[in-house]
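Heads up, the chain shows up twice below as structure tokens, two forms, tagged structure 1 and structure 2.
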Structure 1
Amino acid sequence: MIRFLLILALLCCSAMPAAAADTAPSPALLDSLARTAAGVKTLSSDFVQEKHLSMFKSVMSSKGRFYFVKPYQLRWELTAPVASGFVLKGEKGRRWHERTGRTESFVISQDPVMKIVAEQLFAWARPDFAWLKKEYRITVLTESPVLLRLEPKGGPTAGFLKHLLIGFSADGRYVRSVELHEKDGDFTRIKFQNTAVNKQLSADLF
């Protein structure tokens, strides 16, 4: 569950200006990112998720939809091959799964796993760069389009996560792709399509 949800934390940020390859982001770069991110109020996107597992020859693929409204509303749902997902709204959340037919509500502060997830998600959404730099070693791999590498310094992700690769759109307004590389060599790739920025989203989504 944590592996699946931590990916979402990366979707709530936006533009990243160019920087020198293989360098740590400068304070000026992060300040520029914060100013640009402040103008992004909503995000919505289709996505394709690919799981590359060493125990299987074929790639496990799924499709879904992502929605985000600042400051504390987020919906992540898989639509195929099996419908499932969750919603976060402030301190409350809801999750569901087609196979069980159940919908479960929870309070983030009373659910240890979701508390970790929410901290990650909202740190990117605000964004809270002091927290992110404390949790990850961040380097810039390419300038145009921007590609970042994040390595966990510790905490719950360090036990299984080797690094994350975050690719931005050509104009830098949103994340185009995410790769989560695990220490055992398995990795998950998510590619975002038809992304809309600052489109009005229905309150019923959350």
Structure 2
Amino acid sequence: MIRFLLILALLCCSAMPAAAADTAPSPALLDSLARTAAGVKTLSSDFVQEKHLSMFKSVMSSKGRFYFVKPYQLRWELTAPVASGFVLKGEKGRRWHERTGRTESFVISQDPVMKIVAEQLFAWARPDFAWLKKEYRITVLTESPVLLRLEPKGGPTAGFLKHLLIGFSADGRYVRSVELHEKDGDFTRIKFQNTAVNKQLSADLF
């Protein structure tokens, strides 16, 4: 009998996180996150990216810097193992690469891949819950700190992405981690570190 109760207790404990994972976010939670994030005007952060891809023998690691000014300016800069990056400013953008030594401009709406990238990055950085709710089925994995699971409803993202995990800082003002899980089991984890909120950012960055 004791053995049976122990098994039952273990089953209940293991079921609890699963029940939480299926929880749709309460409007209050998203409102609270949106209110908190509304006070954020700029973000600057280091990031570390790990790519767990079956194409590679080991994890691909890279690091860089991330800058964001509300509503439409963003800089994503890889510093190692190669120096490359891009700046998005409204509808326009420019990218550079140390290998080519060239900087080229582009228009986001005319570059299907950059359009997907820009939509994702801006949606996490702001964060734009209206857009996220339109594009993804959102479930709350943990509430403190908030960890959301986003599953694409359709569109081009659904072609390669299975789901996203977005983790917020303890105070809910910014995103601390993002995981992109692909349909074939590969995933990418990005951790944001040394995040500065509302720090004055040089206009030259964009």
Partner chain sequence: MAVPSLPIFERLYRRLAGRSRKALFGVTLLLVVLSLFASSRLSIQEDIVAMLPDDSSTVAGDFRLLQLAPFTKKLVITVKARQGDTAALVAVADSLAERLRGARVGNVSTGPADLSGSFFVWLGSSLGSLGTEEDLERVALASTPQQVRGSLKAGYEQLLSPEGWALKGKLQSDPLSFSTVALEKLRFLNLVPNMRLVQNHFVSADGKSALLTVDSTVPMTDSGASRDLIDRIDRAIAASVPAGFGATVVSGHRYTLANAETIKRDLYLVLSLSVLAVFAIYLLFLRSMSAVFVFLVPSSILVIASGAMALWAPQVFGVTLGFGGVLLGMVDEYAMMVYFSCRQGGKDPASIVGEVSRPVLFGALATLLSFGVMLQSSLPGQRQLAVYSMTGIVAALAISLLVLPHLIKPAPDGGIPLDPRTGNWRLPRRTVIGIWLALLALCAWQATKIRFNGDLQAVSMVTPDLRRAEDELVRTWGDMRGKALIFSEGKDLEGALALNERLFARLSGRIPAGDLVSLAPLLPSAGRQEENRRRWLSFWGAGRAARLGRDLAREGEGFGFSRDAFAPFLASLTAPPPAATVEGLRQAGMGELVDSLVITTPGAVRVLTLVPDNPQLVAALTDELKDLSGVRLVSQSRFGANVGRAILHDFTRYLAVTSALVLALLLLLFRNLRRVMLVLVPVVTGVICTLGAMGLFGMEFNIFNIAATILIIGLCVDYGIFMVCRITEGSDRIANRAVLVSGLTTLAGLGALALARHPSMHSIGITVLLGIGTGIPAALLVIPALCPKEPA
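A quick note: this is a predicted structure, and the numbers were derived from the prediction, not measured. Residue numbering: structure 1 sequence, from 1. For clarity, a rigid core is taken as the largest C-alpha set superposing within 1.5 Å between two forms.
Between structure 1 and structure 2, which should be identified as the form predicted together with the partner chain?
Structure 2, not 1.
Comparing between structures 1 and 2 on the rigid core, is the C-alpha shift at R94 2 Å or larger?
False for R94: its C-alpha shift is below 2 Å.
With both forms fit on the core, has P81 moved 2 Å or more by CA between structures 1 and 2?
It does not reach a 2 Å shift.
Indicate whether Q110 shows a C-alpha shift of 2 Å or more between structures 1 and 2, with the rigid core used for the fit.
Shift at Q110: 2 Å or more after core fit.
Per-residue C-alpha deviation between structures 1 and 2 [K57; rigid core superposition; Å]:
A shift of 3.4 Å at the C-alpha.
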